[in-house]
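In the form predicted alone, a lone chain appears below as structure tokens.
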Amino acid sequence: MAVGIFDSGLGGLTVLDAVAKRLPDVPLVYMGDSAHAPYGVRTPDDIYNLTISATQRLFDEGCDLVILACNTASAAALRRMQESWVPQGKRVLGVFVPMIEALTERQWGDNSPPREVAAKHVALFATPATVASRAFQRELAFRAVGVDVEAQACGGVVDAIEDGDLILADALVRSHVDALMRKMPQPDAAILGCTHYPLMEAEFQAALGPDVKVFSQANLVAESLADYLARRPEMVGPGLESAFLTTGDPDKVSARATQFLRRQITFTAA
């Protein structure tokens, strides 16, 4: 009855932690492709091929449903995977949907015409590949009108987090927020469009100021998954054991993961 969670590195652990708290009885298999992180500077074809490989590994572990807890993979690979690759009886879901549902206050299946929403000026912080894809803006435009989105490619932040250099990550966050606010001085809301970024949520909020509502993905994804499985219980796969898999150095990745989640996490080689 396992569900798979995939990320290019460690950022998806923020999603896994939220899902584990929301669905404590569901075994979770986490796959981190740390050997090829970060994805945010790779080409769309490269991201697609790496994401397929990792997703297949999770299918092999007994997961019928895989969450792409990676905005870059969701932006660059998910639609192509769903249209031409995902095997019958399997599902692959991304992390954009819960975020856009929260921002627009409407369910994904609501196909009524786009309407105005509370947030008029939205700051999007994401990896270069996610920003270049314009996937967030495209999906938002189907559901909302009159929303100005200013995107900031946050180069270096994922690398700093993966390396455990949170001082550098803090400095980069402040630099990227400053750059965005020169273009959009008064955002109503900010989207942390990378699952690594919740680890720096307090730093983003401090740099943006208390009047900006910050949307972070982990809890939104967990609630969305709980609702999905309540409607589609057959998508809980046959796997019975939780596991943490990595393409990187298991000892190094385990140490970083333990530091991030503040509990012992032990990865094995994928």
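From 1 onward, residues are counted along the sequence shown. Just so it is clear, the model here is predicted, and its values are computed rather than measured.
Same protein, other form: the form predicted together with a small molecule, not shown, and the subject of what follows.
Of the candidate stretches 116-124, 167-175, 132-140, 187-195, only 187-195 has residues with heavy atoms within 4.5 Å of the small molecule in the predicted complex. Interface membership of F204, defined by any non-hydrogen atom within 4.5 Å of the small molecule in the predicted complex, is ruled out.
By the criterion of a heavy atom within 4.5 Å, F244 is excluded from the residues contacting the small molecule in the predicted complex. In the predicted complex, the small molecule sits beyond 4.5 Å of every heavy atom of G32. Interface residue remark: V158 is counted as part of the site for the small molecule in the predicted complex, having a heavy atom within 4.5 Å.
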